[in-house]
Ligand SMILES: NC(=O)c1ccc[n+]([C@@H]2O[C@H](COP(=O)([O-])OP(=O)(O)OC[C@H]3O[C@@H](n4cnc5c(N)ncnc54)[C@H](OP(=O)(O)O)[C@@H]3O)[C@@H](O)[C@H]2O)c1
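Take a look at this one chain, the form predicted alone, written out in C-alpha cells.
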C-alpha cells in the first residue's frame, strides 16, 4: 500500500470549510494536495501560512506550493491543478479531482477546470469542452456537494467514465478566526456508477483512510446518494425553517414527524427512479422508514445528548442552516429543487417537499 508522498497528487476544488478539511487531513498524512481557491480565500490562507483544524480533529498543516508533500498547496490558477493531476504515477495509479464547492458554485468551478485540462497529443488542436474521453491522463473526478445533480454536471463535463460517485457527511464550519471546526468526520463513500468496485476507487478510499478520514467503497453508490438526499431534505427542511439545531429536532416529536414526512416523499422519488435506499453511517434511512411514527419518535429521543446514545453535540447546526445564519446563498435548487423536478418527471406527488422548497427559495431571495 502506498503511503504519504508515494500517492499521486490529489486536487481539491473549493477552499471552504469542507475543502480545507479534506486538504489538511490528506496533507497531514504526507500526501501531495493542490487546493484551488478563490483569490480572497487564497490570500487568507497564505497570510495565515497554515490550515488549522479544531474540534473533533486537531491539525495544523502548513500552506505551501502546489504538489508539495505534507503541505496544502494553494493556488488560484486552475492550470496549476490540471498540471499536477493530469498524469499517472510510476505505479500506474490515477490522480483525482475532488470538487468541494457549494452546489450552486459547481458549474463555474467545473468550467474553470475544464478550460485548462490538457488534451491527448492527437487532440491538441480540438475544442476541450465536453471531450472527457480525449483528455490526457487517467484521472477521475468526484463531488461531495449535497444533492444528486452534482454527478450529472460532472459526467456531462468530464465524461461518465471519469466520474466517481461520492457522498460525504464530514461536518465542518469556519470560525471567526479562520480555523475550521470539525463537528465530526462521519463517513465518505466512493463508488462507480455503472461498473463493479474499481482499483481507482479502492485507492481513493485507501488514501483517505490513511489520512484519518473514515471512508468506504460503496457497491451501490446510487443507493447511498439517494439515502443522503432523503436525510438532507429532512434535516435541512426542518432545521432551516425552524432555525433550530439538530438536537432540538430529535427531542421534539412534532419535528421528528416533519422530518419523517420529508424523507418518505424523497424515498418515493428514489423508488420511482429504481433506487432502493439503505442504512449508512449517519443516515440509516431504510431503518427510519421501517419504523412506525411512534417508534421513530422514541428512537430519535435517544439521539439527544443525555439520552441513550448521546452522539449529537449540542448546538450542532447543519451546513444549510450555517449558510442561512451567515447570509450566504443556500443550496436550495441543488437539494430541494432537483428532488421536486425529479418527482415531477416521475409523476410522484411531493407536496411537503415542494412547499419547503418554495419557502427556502423565498429565504434565498433575501441574500
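If you're wondering where the values come from, they're calculated on a predicted model, not measured in any experiment. Positions refer to the first chain, counted from 1.
Although it is not shown, the form predicted together with the named molecule is what the next lines describe.
With the named molecule left out of view, the stretch that reaches within 4.5 Å of it through heavy atoms in the predicted bound form is, among 288 to 296, 203 to 211, 144 to 152, 271 to 279, 144 to 152. The named molecule is not drawn, but in the predicted bound form it has a heavy atom within 4.5 Å of residue 105. Using a 4.5 Å cutoff between non-hydrogen atoms, residue 41 counts as a contact of the named molecule in the predicted bound form. With a 4.5 Å cutoff on heavy atoms, residue 11 does not count as touching the named molecule in the predicted bound form; it lies far away.
Although the partner is absent here, residue 96 lies well away from the named molecule in the predicted bound form, with no heavy atom inside 4.5 Å.
Using a 4.5 angstroms heavy atom cutoff to the named molecule in the predicted bound form, none of 238, 339 and 354 count as contacting. Distance criterion of 4.5 Å from any heavy atom to the named molecule in the predicted bound form singles out 170 from the list 117, 221, 255, 170.
101 is the sole member of 101, 188, 231, 163 with a non-hydrogen atom within 4.5 Å of the named molecule in the predicted bound form.
Contacts with the named molecule in the predicted bound form, taken as any heavy atom within 4.5 Å, map to no residue of 235 to 266.
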